[in-house]
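Just one chain follows, in the form predicted on its own, and it is written as structure tokens.
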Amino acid sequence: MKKLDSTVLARRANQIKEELRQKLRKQYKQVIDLYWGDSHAAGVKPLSFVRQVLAACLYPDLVNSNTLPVDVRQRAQRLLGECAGGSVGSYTATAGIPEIVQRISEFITKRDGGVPSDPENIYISPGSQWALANILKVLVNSAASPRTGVLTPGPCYPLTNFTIKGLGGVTVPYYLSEEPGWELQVEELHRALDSAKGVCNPVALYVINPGNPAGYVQSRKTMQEVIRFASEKRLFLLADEVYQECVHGEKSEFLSYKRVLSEMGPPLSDTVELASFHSASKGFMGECGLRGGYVELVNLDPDVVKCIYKLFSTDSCAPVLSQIALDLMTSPPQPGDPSYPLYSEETQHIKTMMVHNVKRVFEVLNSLPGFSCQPVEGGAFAFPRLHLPPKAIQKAKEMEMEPDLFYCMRLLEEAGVLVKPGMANGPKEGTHHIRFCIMTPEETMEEILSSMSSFHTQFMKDFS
């Protein structure tokens, strides 16, 4: 019998919100929703500089008023000058406004310690997942026999797995090692590749750094091992790096796969094929609704690049406002600019909030029997493990639910907290997890941890 999936949780959450609007009595006054990785929806305020520039681009009369800081008006004027007809309502080049693509290239070069970035290899897209889906269309041959395979992490961002399967491909899971902090071990990559024999033909390796949903940040050593493996097995490397701003661990540092590959030198730096992805939806900007991302291609055959260009051309261009958001993300205010003090204050507030939240999540959840949570070194999610009593697992089975979905449904009903069951992320068989966004104001996180603690204690008591 097919078990219920996590959509039943979202539907029930909407029903409860409606019941609360109708003044139906509950033990809580609202549903606190940390299901999605949407920081603005979770209560984080948008960055003032970003919204001011966007406002002036949408309503150019603001450029000539004294309402906004002078550097905001100057930036908006420059961006409008780079748009056809001086309007954000115009089409742009397929890969994006050339001047913005150039500045993204300069950002990448600076980020990577001087490793050159060619703007001809950068494509702006309506979200990083849109770009990833188009690269996968090139890699996955739906008519191939055996079918095309892509190695993906367990746990993984589920949309990537859905996209691969939807294109007719096969996902080949390699499982991250939870106890050492969700470590990617090269031995597991070899095991996963061996498991694909006779099932599919693996052509690519997908990595997420910093992790989603598991909040790891890969070390240079790990990345070097991954690159050597990809080279040895002739796999195309797909690097999802959208949470690169979100690094919370004191000893953790984000390094791009492109930088590590380049610094390994020839022949690897000249031969390993790489596509890396970034987004305006994540990090301090958090502009999920604007749908802006980009992909940078490394070491691809020119004929393949032409094919990718044609695929991107089918959508004309990314939304102009999302292109502007990417420009503001990669070229933020600098010291001495009028907007810099407020921008620095707002981004530092988000950093401090995240560090506080990851510390509290680790402390509180690990103090509860039946929970274990690895340190969240990066990203925007906690992915703690549930060690559920046999009676709870049996009850879930009777209700035709996975155990983690059953737990999340009870948490929603009794505490008004909406989190995501980890089953959708494909963790190792026999383990149960929940995922929730930690990019939320400190007071909201404290309220959630208090509600979860009370609920969890009673839940474990009920099913002991």
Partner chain sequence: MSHQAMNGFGGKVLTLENMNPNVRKVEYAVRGAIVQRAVQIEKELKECLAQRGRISAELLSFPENSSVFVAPGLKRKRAASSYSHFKQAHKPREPGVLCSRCHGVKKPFTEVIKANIGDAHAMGQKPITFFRQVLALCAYPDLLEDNKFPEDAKQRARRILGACGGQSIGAYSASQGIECIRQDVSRYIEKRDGGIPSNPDNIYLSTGASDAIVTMLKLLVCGEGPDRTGVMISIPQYPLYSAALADLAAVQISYYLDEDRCWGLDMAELKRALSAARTHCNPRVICIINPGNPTGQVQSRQCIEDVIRFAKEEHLFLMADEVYQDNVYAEGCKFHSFKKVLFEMGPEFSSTVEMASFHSTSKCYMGECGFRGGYMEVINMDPEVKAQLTKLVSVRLCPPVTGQALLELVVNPPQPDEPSYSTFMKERTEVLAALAEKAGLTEQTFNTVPGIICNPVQGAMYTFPRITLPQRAIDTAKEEGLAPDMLYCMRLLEEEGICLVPGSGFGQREGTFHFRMTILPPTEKLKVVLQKIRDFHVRFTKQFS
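These figures come from a predicted structure and were not determined experimentally. Positions refer to the first chain, counted from 1.
The same protein also has a form predicted in complex with the partner chain, omitted here; what follows describes it.
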Problem - Answer option from D194, E250, E187, D303, heavy atom within 4.5 Å of the partner chain in the predicted bound form - result: D303
Handout entry: One residue of L159, L268, V115, V170 in contact with the partner chain, assessed in the predicted bound form (non-hydrogen atom, 4.5 angstroms)
Key = L159
Problem - Options 356-364, 386-394, 216-224, 82-90; stretch whose heavy atom lies within 4.5 Å of the partner chain in the predicted bound form - result: 82-90
Exercise for the section: Please check if R51 has a heavy atom lying within 4.5 Å of any heavy atom of the partner chain in the predicted bound form. Expected result: yes
Exercise for the section: Answer yes if any heavy atom of L368 is within 4.5 Å of a heavy atom of the partner chain in the predicted bound form; otherwise answer no. Expected result: no
Handout entry: Heavy atom of P319 within 4.5 Å of the partner chain in the predicted bound form
Key = yes
Practice task
Considering only heavy atoms, tell me if E179 and the partner chain come within 4.5 Å of each other in the predicted bound form.
Solution key: no
Exercise for the section: Indicate whether the candidate residues A41, L235 and Y309 are all in contact with the partner chain in the predicted bound form, with contact defined as any heavy atom within 4.5 Å. Expected result: yes
Exercise for the section: Would you mind checking 113-139 for residues with a heavy atom within 4.5 Å of the partner chain in the predicted bound form? Expected result: P126, W130, K137, V138, L139
